[in-house]
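Let's start with one chain on its own, the form predicted alone, as structure tokens.
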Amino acid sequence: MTTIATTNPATGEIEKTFDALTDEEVDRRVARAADTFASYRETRLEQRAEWMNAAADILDREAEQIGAMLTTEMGKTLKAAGAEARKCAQACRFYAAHAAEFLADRRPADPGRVGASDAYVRYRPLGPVLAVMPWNFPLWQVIRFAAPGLMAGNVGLLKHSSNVPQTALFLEDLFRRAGFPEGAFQTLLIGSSKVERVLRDPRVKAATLTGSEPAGRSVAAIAGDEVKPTVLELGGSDPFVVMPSADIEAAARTAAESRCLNNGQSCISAKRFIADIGCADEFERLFVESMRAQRVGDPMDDSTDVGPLASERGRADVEELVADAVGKGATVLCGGERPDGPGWFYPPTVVSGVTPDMRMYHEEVFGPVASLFRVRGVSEAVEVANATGFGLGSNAWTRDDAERERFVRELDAGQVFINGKTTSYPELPFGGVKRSGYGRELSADGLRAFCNAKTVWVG
């Protein structure tokens, strides 16, 4: 049976437990979602925008309290948690401001060319959408689905990770306090084993999942059997390529920031660092210095850069990957050993000499551990960068226009960031290829993801 509880990663102590919903309670919530959708889909966009802006106001106003809750539940630093709350407020305001534009009727062709007096596409909501969400960005991952989804006229059912129940309940309360109707957004405190039952309910029309590859495969298989649309974001092992023409100091500093973001637990953070032989020595030196300089400690302390990993199992997974690499000949340049004391801390670590026979070469390391590679030229850099089953984000650092164009064209990823850290923005589509999933969140794409693009032909 799944334990639904807040366990503080900095201490390892259980702070609060919650009862899972019974099947009957889940059924009532699904029924409420379906009933609410029948009227909510016809609400004016101006009204939805008013409610969404009210949600943004709450997030801004209560960012400090929200941040403390996130830090307690999953260990991210307090400053990062507060920034996450404020980023969510920005996303809410973005969709409140742009939903009307994104949902406006679209005329893809001259009506006369299709024998009509008028022809257009109208976007209509699908209905209740199940969101299966992870713990690493427990607020942002949900808001980037909920804000566009609610503005499109859909209603949401949230199955959050079982280690962030207070955040899950806060999100339901957030939209209720903002003025959205009861049933527009509801949290289901249930274990993973109950997801299939909800997804197969005919009143649930679609699903979105951010999480592990096995979880994504499971949800996609069930949804496929039910012929329901899905959007999946399943993690990544993002490359970070550095060429001799780059600003090496800026690249090394950004590399360390990216690898240690969210205590190393970010799907779109760089994990594999690929330096051309012409700058590899300098990059390695500066990168290792920057990783060593990251301060590990109490996530509630404003001076802390890296807090604990979110779970004991998560730290054990990281340790196993590092041990496997070292056992097969890799070298640890910094870090690599857990500190003494309570909590699930792990230091920023750089590993060189990683080869294809090591698990780290192929698997996502969900902790502050970097793999370092040396290559000769753009072609080999691209080859190493693409030598993974994942394809979420990617970084390339170069001042050469021809190199930049090759990276943009040839890197197999849903995103390519040149001379900057990979980041998600409400304005830009977000998603991956290969085993990183399919579909797009954010921007107009994310709002239309769960809409019926209805073709209208008028004779």
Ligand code: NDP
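All residue numbers refer to positions in the sequence shown, first residue = 1. Here the structure is a predicted model, which is why all the values come from computation and not from measurement.
The form predicted together with the ligand exists for this protein as well; it is not shown, and the discussion that follows is about that form.
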- Message: Given a 4.5 Å cut-off on heavy atoms, tell me which of 88-96, 116-124, 340-348, 210-218 is the interface stretch with the ligand in the model of the complex.
- Response: 210-218
- Message: Since the partner isn't included here, can you check whether the ligand sits close to all of Gln141, Val195 and Phe366 in the model of the complex (heavy atom within 4.5 Å for each)?
- Response: yes
- Sort through Pro308, Pro134, Gly183, Gly153 and report the residue having a heavy atom within 4.5 Å of the ligand in the model of the complex. Pro134
- Task: Answer with one of Val129, Ala146, Ala275, Cys267: the residue that has a non-hydrogen atom within 4.5 Å of the ligand in the model of the complex.
- Result: Cys267
- Does Ser245 make contact with the ligand in the model of the complex, using a 4.5 Å heavy atom cut-off? no
- Message: Test of understanding: in the model of the complex, would Ser162 fall inside 4.5 Å of the ligand by heavy atoms?
- Response: yes
- Even though the ligand is not shown here, does Pro111 get within 4.5 Å of it in the model of the complex, heavy atoms only? no
- Answer for Val231 alone: is it within 4.5 Å of the ligand in the model of the complex, judged on heavy atom distances? no
